[in-house]
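Heads up, the chain below is alone and in the form predicted alone; it's given as structure tokens.
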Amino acid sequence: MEVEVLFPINAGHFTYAVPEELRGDIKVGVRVSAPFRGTTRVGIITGINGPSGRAGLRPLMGVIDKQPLLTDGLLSLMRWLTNYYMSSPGIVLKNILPSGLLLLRRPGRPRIVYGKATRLTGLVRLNKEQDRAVKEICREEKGVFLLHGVTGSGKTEVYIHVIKSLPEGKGAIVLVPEIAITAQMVDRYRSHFGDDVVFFHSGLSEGERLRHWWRMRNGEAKVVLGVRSAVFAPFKEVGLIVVDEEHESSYKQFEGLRYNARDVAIARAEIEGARVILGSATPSMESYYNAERGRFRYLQLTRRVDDKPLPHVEIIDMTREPKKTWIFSERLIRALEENNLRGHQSLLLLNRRGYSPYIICTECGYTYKCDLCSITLTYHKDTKTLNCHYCGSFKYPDPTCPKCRGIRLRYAGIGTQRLEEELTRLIPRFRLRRMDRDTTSKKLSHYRMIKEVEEGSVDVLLGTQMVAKGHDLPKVTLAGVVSAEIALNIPDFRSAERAFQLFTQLAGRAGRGEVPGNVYIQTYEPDHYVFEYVRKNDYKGFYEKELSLRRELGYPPFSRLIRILISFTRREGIEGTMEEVSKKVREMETDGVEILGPSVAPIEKIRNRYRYHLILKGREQSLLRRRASEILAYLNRMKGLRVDVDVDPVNLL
């Protein structure tokens, strides 16, 4: 007997002989210990074969599990992931299983103690639209449903009702963007499912993740609420997968196995005969397009719960509006003060962290740039450092210009730290909290901050796009955007879509309680078409406008994309190599596939690697993948470069 063993490394399967004494324990999906490059490693059996007659096969050293760790469904999903994302099986395994399982770590005690859950005695009464959606979903045993509901329309209650209807023994996976797992959401699911629900998020230690993983694997939990990796939850049978805020780019992993949890959820449901609910107030262009063409079942919630009105949205033209300071219009400051005097809370969004995007010498024009990445360094006033938001490096600025030794250095632009400082100066009585990557880097800091807002100890929550995502805060009646054009001026074909989603989601945070909400969006580009659709809360109008632009350019949903990234550690010789690659690509048969590049990536250097990319565009997925495979085979034979492939990229930077 021989077995195929997979390790969590960038490689395929390794073949081992099975000693006589272990043959009775051999099953596909169990962990085994095996000799590997001078040491012992733990891997997973993925295949069992008869004797091949190959000489020199090393024997397995031991079998760890009595029963398979991986279900047939997850093994099939691994094969799909390997093929679809053009990855190695070992990298797929590394993503599917918590690392502690293959390091033989023990589950840990929970650091986060929730206390005894107060179980509700009944379900919340649904309105007609919610009830219709639940019945439509429960009528089918499998399939994909797009639940398009305005902000505050009660999509979560639809999810909970459908989960409650699942047969005994079927698990439910509820995926949310990382920042959406708030105390409120945890309490909401625990009130319905008690200790039958487990959580997967970055606040968990390795031991806690293992503990929750085993509870799912052993059938001790019915529901998992988690971020993208929860799509690999080890339920023996999956009945439902919910992808809440399905449009979110955080469902895409940007390194290693570059999977999109939304698409993996659809694939897993098809493999295991389950249902998928994609929920959003602002569906991705691709999902809505699929619903229009009947690939997904379309369900709509057009009204907020209890018929609460959608917020009033006002676009503030900063080229004409009187200004309180160069950051704030008088209109927005007055609205913030009046909202506070009424005892209500406000949200402020500026999608750029730090104090100042760059320091510039006004005598010679010098700006600080990262030594490892081709971007300017952002000044952070709290640490008095210039930080790179791509590689994490930092340096301390000089009191004089490093180039001309001039002393006229100016802090240009605005980040969330400067926004906080300016608002504190204008209205000192405001109790402010800033939510961005700098203030939420510690475990559970985001969770605690939202708890403070819920308890009413914060007047204004300001920050990056984190403040717009997944929060249900009844006391928030005002939402504002500062420098809205930042979101529009990103060199990517999805920038308008992302801006519309971001502003609409932020607007949806206001007025979810008893008092109607107001939204103020400051911009120097008020004539951009995005703002008119945001003001009217007109998703369909925006979709049709954007669709016509995408059709002209042949971008998704009218095509599929594969991006091949080629990077080098040294600049010398790159041009010659790229000319060679370009020549080879032009020689390839490209019927049905458009190949753009190779060209310098929009961000040329990250982490001291010089980056070029090729973008393959086409309608026929199999043909697109074939061309990509040919190019990858050619590139992988070349020395001095690294190749990464991104199937269905969500940005092209």
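Quick caveat: nothing in here was measured; it's all calculated off a predicted structure. Residue numbers run from 1 along the displayed sequence.
From this point on, the text means the form predicted in complex with a small molecule, which you will not see here.
- In summary, among the residues Gly143, Pro89, Pro177, Gly154, the only one with a non-hydrogen atom within 4.5 Å of the small molecule in the predicted complex is Gly154.
- Of the residues Cys364, Ala267, Leu372, Val305, just one reaches the small molecule in the predicted complex with a heavy atom at 4.5 Å or closer; this is Val305.
- Contact between Met285 and the small molecule in the predicted complex is not found at the 4.5 Å heavy atom cutoff.
- By the criterion of a heavy atom within 4.5 Å, Thr383 is excluded from the residues contacting the small molecule in the predicted complex.
- None of the heavy atoms of Val458 is located within 4.5 Å of the small molecule in the predicted complex.
- Using a 4.5 angstroms threshold between heavy atoms, Glu208 stays clear of the small molecule in the predicted complex.
- Note that among 389 to 397, 155 to 163, 575 to 583, 364 to 372, the stretch whose heavy atoms approach the small molecule to within 4.5 Å in the predicted complex is 155 to 163.
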